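Next up: a single chain in structure tokens, the form predicted alone.
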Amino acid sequence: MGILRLSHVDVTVTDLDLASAYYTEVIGMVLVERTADSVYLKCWDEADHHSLRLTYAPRVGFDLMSFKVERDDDLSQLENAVARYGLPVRRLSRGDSVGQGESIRFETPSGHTMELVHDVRRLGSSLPRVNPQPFLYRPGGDGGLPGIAPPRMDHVLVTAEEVGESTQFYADVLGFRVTEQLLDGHGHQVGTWMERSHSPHDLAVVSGPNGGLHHFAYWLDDWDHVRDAADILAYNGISVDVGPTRHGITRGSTIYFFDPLGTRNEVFTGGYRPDPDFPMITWTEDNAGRAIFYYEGELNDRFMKVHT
């Protein structure tokens, strides 16, 4: 019961046509629907209406993060839990948001708008549900999507001035489980990685400004696809932040890069499966570089950039 996984990420862009072209032609997402001010996109193996919403605004920024809950009853239970914590909760009716039914929204202690939703319009993936092949044709083949073509959205990483307070809210109120933590020299949390879907992380929080988005990430099936993604990014002249490389935290392989308007994306694969009794892993400040970028052992200056 409770939260299943990330549902969608909503960001604002100053050029909707440019952003749409990048996310369809370079990333390889499927354009599902377009309104006067928004574009809705999904990955090829996602059945729900969308996993990314781009909305025109005067500045690039982070609008909200939406998580899907398992049952309709979970909305009411989590609404009550958030209200007991002392945060105002707004309930949205069916039709208020494109592609989904009732949902609840609230502002987290770190100033992020968070949405929980159960009823999402199901469009189906690009594979049949009866006797499917185990893969989509890779880019360049017959029927293949352009660009990187990730099968799904994976996780989101946000920033908070008080990482410990935010983590306690997500864990105690919403039921997230901390898989890994990064501590400073005084033993305070400066980064936490949390899961609901039995992956290394669905949500992470690192030290930074309240309300900030560090990145959202796409899942790729293996290291070969990460390598292919690097080729596609280089061919299209996309600004790469870090990688290809590997994380110490989560053990995943990664590339960080920026869309044309400055929002950081990641492609991610690997990691581990945290069982229900998986013990939390702790990293200390003196190993922070290896924790984030295991091969390089240090962070670059651009890695600290966030959108609010």
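Just so it is clear, the model here is predicted, and its values are computed rather than measured. Start at 1 with the first residue shown and count on from there.
Absent from the display: the form predicted together with another copy of the chain. The rest refers to it.
Undergrad: Residue 56: heavy atom within 4.5 Å of another copy of the chain in the predicted complex?
TA: It does not: once another copy of the chain is placed as it appears in the predicted complex, residue 56 has no heavy atom within 4.5 Å of it.
Undergrad: Would residue 63 count as touching another copy of the chain in the predicted complex under a 4.5 Å heavy atom rule?
TA: Because no heavy atom of residue 63 falls inside 4.5 Å of another copy of the chain in the predicted complex, the answer is no.
Undergrad: Even though the partner isn't displayed, in the predicted complex is residue 14 close enough to another copy of the chain, meaning a heavy atom within 4.5 Å?
TA: Because no heavy atom of residue 14 falls inside 4.5 Å of another copy of the chain in the predicted complex, the answer is no.
Undergrad: Would you please decide whether residue 37 lies within 4.5 angstroms of another copy of the chain in the predicted complex, comparing each non-hydrogen atom pair?
TA: So residue 37 does not count as contacting another copy of the chain.
Undergrad: So in the predicted complex, are 88, 260 and 292 all sitting within 4.5 Å of another copy of the chain, heavy atoms only?
TA: Checked in the predicted complex: no contact with another copy of the chain for any of the three.
Undergrad: Just to confirm the contact call: exactly one of 184-192, 148-156, 166-174, 101-109 touches another copy of the chain in the predicted complex at a 4.5 Å heavy atom cutoff, so which is it?
TA: Heavy atoms within 4.5 Å of another copy of the chain in the predicted complex occur in 148-156.
Undergrad: Can you tell me which bits of 217-242 touch another copy of the chain in the predicted complex, meaning any heavy atom within 4.5 Å?
TA: Read in sequence order, the residues that approach another copy of the chain (within 4.5 Å, in the predicted complex) are 219, 222, 223, 224, 225, 227, 230, 231, 232, 234, 235, 236, 237, 238, 239, 240.
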